[in-house]
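What follows is one chain in structure tokens, specifically the form predicted alone.
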Amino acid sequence: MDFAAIILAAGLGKRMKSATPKMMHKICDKSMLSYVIDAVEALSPKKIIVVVGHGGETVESQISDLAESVYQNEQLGTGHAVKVARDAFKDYDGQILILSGDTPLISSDTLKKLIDSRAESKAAAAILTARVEDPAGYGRVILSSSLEVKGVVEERDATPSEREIDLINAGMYCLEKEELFSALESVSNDNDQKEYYLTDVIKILSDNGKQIVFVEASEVETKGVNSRIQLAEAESIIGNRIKMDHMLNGVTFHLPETSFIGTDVTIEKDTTVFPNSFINGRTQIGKDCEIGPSVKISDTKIGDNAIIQSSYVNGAVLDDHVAVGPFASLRPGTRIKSGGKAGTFVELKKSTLGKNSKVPHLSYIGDTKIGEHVNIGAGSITCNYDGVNKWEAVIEDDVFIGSDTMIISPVRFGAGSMTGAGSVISKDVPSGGLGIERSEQRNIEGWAKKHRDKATKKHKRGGTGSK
């Protein structure tokens, strides 16, 4: 059945204690509002209207491609929030789904049941409910003897017997447009909060003899997020769903509860994720990889048969059979081609490491193009920043960089060239040549023994001031 949707996202969210609009707080890398929009969008609505208020510009910037927005400049209750969206439906006739932007666990299947239930029964409205062990704080749904909804009673207004009811209002509704906006005209703010409540629409319709049906959902799906604690609970639930999907698709997780996987991450089969792995952004991981333990990988593309251990990888592209870590840092713009290695305590930035080339230990390589079958000796670094500009180094195929080489960019190493360990290279090294820059070694016979003997005599005389 055709439908349109109103998502209420104007609340301040005081209990979040945050300058960030409540609906923009992230769960597994995506705002909680995005989950609600996605659940609605999956059912192909005619339109989605998001009612924004606090931090509206921030919310609008995140949803501009997904939904239209209207402003509730004063937060005068849920009924008022729906009312300000009325003009957006001038050219629409049909049923309207209403839900809150802080219910990220709701599923498309449940929303479809709510829409279908109203349409099939031809009721004026359908309300989503749930049965909970502890209904404290929720509005209770009052049913007639024929199991139709008579109204919703907020806890503060409920009698002792009504408070015993375990069927609660989930705050999601489906109504015919005309029934909705006609009833809203009769809603008053004669209450302690001086607000216009959407729940009053249900009572008004029922009092006018209109049929109200309900759909019962799981307690989990109807959970709202109003605090950091509830945000963490929602992230745990969604995170487990994400990891479960990966496991069902052939990915192994060791201690999955210790790892975080974002919603946009893709992992192919027969890859193993070890404990304490944090993978987010638009990361793609191929098959037969070993990821972790203790890695953070963001916005990175990883090929097949790669090994990433105890490292930070952000904005990189790693081809097949690449090895990284432990304790490496790959920064944006890094590309490691097939068979390449960035080893222990290695940092790469905006650099390309060619096929079967290796930077095994204790090195920084920045703004550098490295060819195939190159070995960078331990302790070697590129000096690529002169305080004003970043400069590029080029290291061609089959180059051997000796340990502790300082590469002062811009400089080029020709194919098959070498550097002597401990050199500071500031000039191009020709193909097949050796670049070496260090003073000639001198040995002074007996100097060390004389130095130690002198120090020992001074100590015995108390020359150090000790007694």
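Predicted model, so just to flag it, every value in this text is computed and none were measured. Residue numbers here begin at 1 and follow the sequence given.
Missing here is the form predicted in complex with a small molecule; even so, the following discussion is about that form.
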Q.
Suppose contact means a heavy atom within 4.5 Å; in the model of the complex, does that hold for all of I96, D116 and A217 with the small molecule?
A. no
Q: Counting only non-hydrogen atoms, choose the one of 335 to 343, 285 to 293, 314 to 322, 73 to 81 that falls within 4.5 Å of the small molecule in the model of the complex.
A: 73 to 81
(Q) When the contact criterion is heavy atoms within 4.5 Å, does H451 count as touching the small molecule in the model of the complex? (A) no
Q. Are any of the heavy atoms in E268 no more than 4.5 Å from a heavy atom of the small molecule in the model of the complex?
A. no
Q. Wondering, does V152 line up within 4.5 Å of the small molecule in the model of the complex on heavy atoms?
A. yes
Q.
Against the small molecule in the model of the complex, would L330 count as a contact residue? Criterion: heavy atoms within 4.5 Å.
A. no
Q) Between the options Y197, Y364, F274, F260, which residue brings a heavy atom to within 4.5 Å of the small molecule in the model of the complex? A) Y197
